[in-house]
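Take a look at this single chain in structure tokens; it is the form predicted on its own.
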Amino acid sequence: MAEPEESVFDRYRDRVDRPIRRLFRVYGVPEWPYFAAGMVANVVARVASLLPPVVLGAAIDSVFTGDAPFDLPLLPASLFPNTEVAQFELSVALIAGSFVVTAVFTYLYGVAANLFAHRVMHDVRTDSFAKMQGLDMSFFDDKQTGEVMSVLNNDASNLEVFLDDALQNSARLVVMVAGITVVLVSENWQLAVVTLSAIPLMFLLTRWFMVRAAPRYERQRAAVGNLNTRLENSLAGVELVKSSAAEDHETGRVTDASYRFFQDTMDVLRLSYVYRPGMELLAGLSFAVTFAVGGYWLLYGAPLFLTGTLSPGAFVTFIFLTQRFVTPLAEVSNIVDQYENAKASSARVFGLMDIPAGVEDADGATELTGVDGRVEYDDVTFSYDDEETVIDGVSFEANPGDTVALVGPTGAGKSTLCKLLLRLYDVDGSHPSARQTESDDVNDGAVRVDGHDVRDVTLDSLREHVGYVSQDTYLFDGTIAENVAYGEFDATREAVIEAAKAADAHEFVAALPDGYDTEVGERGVKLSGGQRQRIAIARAILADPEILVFDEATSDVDTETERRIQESLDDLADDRTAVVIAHRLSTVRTADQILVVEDGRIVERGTHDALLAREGRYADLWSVQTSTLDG
């Protein structure tokens, strides 16, 4: 299967430097009180958990065998009682108390660590979503939605697992290894050297694994995004799939994406199959060697190069602590596994966050207020990603109360022209304020509202004054009333109903069992195409903008419904500027100006009657449509 083409998202992801460190710097530092509290509680809990084997060893040597005075590492002997009964009672109290302290501080650590992890991930997820919302439409044209969803869900979840589990286990490992090392060295430094000899080998094995695992995890995370995209596309287009009898084709494409994910996952697992057992083997050998050397020492005296004596209590302490040593060391493989997974995921998260927005508020952008609605396109040129020109030198004006219609074949650039007004895209060429000299050979085309270049005003204020109904009607999962009021969230029910009446939607909505409280389903699937369009028109009407843009807004309704909607829109547009894209030329006969667009250029302009009299391209289109209707 061919490798997927690298996108802008992939390029910025590859540039992310030290993603885990950046994660802590940007998101961990603000939550440091939870992290600090968790670490303190963890140290106390882990140190307390080491006390029972030490106390047991001391009790064996002093209380049960009587071979040595009661003594604990790092503490003066004067603190302990002299009688065996008192020493026994102290041992019981210390062991019981250590378990209580361990339990209490483990709970406190768990609470603090989870608060830290989940607060960080809440911030990461919401910031990633906010960043995505701020990106311009060109990003969404290029980037597949499934991969973005993979970042927001799968990659964010991977970071949560790392911050929750891996950090907890890492902290426990550090404290346990350091604490056990201190105790073992204080008990018998020579046997401690034998026990700890496996650590350098573990470090080398871990380093080998990390170097080889990193690229494998990056490929695996990319494969997840590709699989999510394929699943989402197939499910979203299930109607087309079934109507085209293409179930086998889609199953094959999902199978290919799933197999790619399977292969990349197996690449990671094959490496883990060597690393994890290797770590467990080294930890187990450490325990076995400690038991063998310590047991021989206790039975026959110091072996090989070792000197001195080893008491039974010290041997018991070594056995218990070495066993405690094995578990956290064996878990290093899981920690590294989660770290590498999180590293790849955090690179993807920050790769998304680092993508610059192509359309955003300029420095010093002002609010667009007191809008009359005069729209001007001045020598506008546009292309996607500096490729083939889509709009080429378009100029026209529309004054308040005017209706300008854009007609022409599919793909001529009509919808793109409307999107430039909303700054969903920006025109090509330099903004005048960015020119170095007046003689710079640049395209200074601009879209203006009331004489203001749309790049000079804030996006929010611009879009507040433009009502846009796309040919691809989108409804959110929710009620009809919520969808009509989207963007005007405080609108009253009465205002929603009036807008629906103006869009010729009230009659069918009122006939539904739940009326305006009817749930429309995901993407509005419970409504017909025409019903969805009328809801979208009602939404634009409710916003009460000075400029209206309708992109094939009535393409899915019948002729009679279209006539009624058109009458309402004509009334609404009496004192507003309206830009209308229409396939049915009958709907724009009364437009003040009709622009015929082909290959991104205006090839004809004028009123309906004037264009028919010219007997040009518009007249041909009109003839084709009327003859079809007559037929």
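Just count from 1 along the sequence shown to find any residue number. The structure presented is a predicted model; accordingly, all values stated were derived computationally and were not measured.
There is another form of this protein, the form predicted together with a small molecule, and it is not shown here; the text below is about that form.
- If you check the small molecule in the model of the complex, you find a heavy atom from every one of Val390, Thr410 and Thr416 within 4.5 Å.
- Exactly one of the stretches 402-410, 153-161, 190-198, 365-373 approaches the small molecule in the model of the complex with heavy atoms within 4.5 Å, and it is 402-410.
- With the partner removed from view, the residue among Phe129, Tyr384, Phe476, Tyr296 that has a non-hydrogen atom within 4.5 Å of the small molecule in the model of the complex turns out to be Tyr384.
- Listed residues Tyr425, Phe320, Phe261, Tyr275 were compared with the small molecule in the model of the complex; Tyr425 is the one with a heavy atom within 4.5 Å.
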